[in-house]
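Here you get one chain, nothing else, as structure tokens; it is the form predicted on its own.
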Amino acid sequence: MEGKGKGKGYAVSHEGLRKLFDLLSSEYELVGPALKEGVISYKVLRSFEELPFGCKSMELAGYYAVEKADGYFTYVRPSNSLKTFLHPPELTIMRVKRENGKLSFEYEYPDKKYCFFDVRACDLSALKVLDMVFLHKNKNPDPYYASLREKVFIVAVNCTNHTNTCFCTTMGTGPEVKEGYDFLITELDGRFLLEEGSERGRRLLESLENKEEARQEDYEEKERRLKKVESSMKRAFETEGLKERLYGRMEESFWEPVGKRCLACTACTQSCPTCFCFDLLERASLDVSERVRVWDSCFSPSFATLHRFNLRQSVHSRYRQWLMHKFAYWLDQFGTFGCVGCGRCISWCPAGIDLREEVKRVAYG
């Protein structure tokens, strides 16, 4: 049976998922969620058993915990994001060596063939944003990002749960996965619905044994589950006309209150799936010099330093830069918001600052 125009749909058991995982692991380096030290994070997976089935993350502003739950894909997006693998925290982009009195220049492009297993709607939207930043709307496409991105195989999963920090419905990015995947998984009652999303996904699903063609009831159950989770998520704020309202609130008086709470620790930008700012460092020795790209943050005191003068000396001015970039400047640059509503910045803020409340306070207060 055809599923939403994406291709054939199949139903498999838990054991069928395991075989699917094994098929992928024979060709790709699998990256997916795993529970370690009380936190669910994306990491390189070595076995199917590492997936945190039956776990659920409980999140509030400045709070994170994991508890047991009934089911399999009961958790939501991991604590970190996929930019960790496509735009790594540290990457050597050039190496200069001195050999026999001569200099040689080496450019090493990452040679990984990733399968991102269990990607939620918000993180797929974030990948689309990063693709625009590094490739599609960049006059000089990033060859390092491109060398990794072009090989990625994506296994997406529809969210049938949410946390108190999720606001994907506000940003129009979830909870339903609609595009950008090779195949899609939806957990049903006692089985899993698999839907093709690309030619690569079709070929892989066709090679899977012990599957059966999806029934009309499977698609109907999928819709019921998605509607249930979507209806339980309240709209955080109005996005129509938000950019214009924020441009009208640039005075410091609107931003000073949050500046008194913010620690400028950079946790929000590090956990954000779309923040892409970086710095270039030179590491030199007698024989080898390396140019290294490392993550940076607009909350860092040195970020806006020009000729030894910091253009944003106050914390509130840095917070303004970050929030305005997400909800105003990004629209001017790339035609979309820079926020996908994943809520990571809320959960991992040690000061308990809720981005949703700050948007409402500044734009509509």
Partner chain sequence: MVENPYFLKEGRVLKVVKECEGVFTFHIATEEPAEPGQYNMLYAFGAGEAPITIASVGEGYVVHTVRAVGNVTRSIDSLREGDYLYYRGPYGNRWELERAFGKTLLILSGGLGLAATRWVFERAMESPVKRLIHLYGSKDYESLLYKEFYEKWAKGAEFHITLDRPHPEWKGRVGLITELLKELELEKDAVVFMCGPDPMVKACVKTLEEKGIRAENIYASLERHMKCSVGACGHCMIGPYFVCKDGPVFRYDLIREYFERKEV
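Given the structure is predicted, the values throughout are model-derived calculations rather than measurements. Residue numbers count along the first chain shown, from 1.
The same protein also exists as the form predicted together with its partner chain; that form is not shown, yet it is the one meant from here on.
- Arg291 is the sole member of Lys178, Arg291, Arg202, Lys112 with a non-hydrogen atom within 4.5 Å of its partner chain in the predicted complex.
- Here the marked residues Asn138, Glu252 and Thr305 all reach its partner chain in the predicted complex, each with a heavy atom within 4.5 angstroms.
- Contact with its partner chain in the predicted complex, judged as any non-hydrogen atom within 4.5 angstroms, is confined among 258 to 266, 207 to 215, 103 to 111, 180 to 188 to 103 to 111.
- Not displayed here, its partner chain is kept clear of Asp118 by more than 4.5 Å at the level of heavy atoms in the predicted complex.
- The shortest heavy atom separation between Glu29 and its partner chain in the predicted complex exceeds 4.5 Å.
- Looking at Ser41, you'd find every heavy atom of it more than 4.5 angstroms from its partner chain in the predicted complex.
- Residue contact with its partner chain in the predicted complex: Asp296 places a heavy atom within 4.5 Å of it.
- No residues of 167 to 199 lie near its partner chain in the predicted complex, the criterion being any heavy atom within 4.5 Å.
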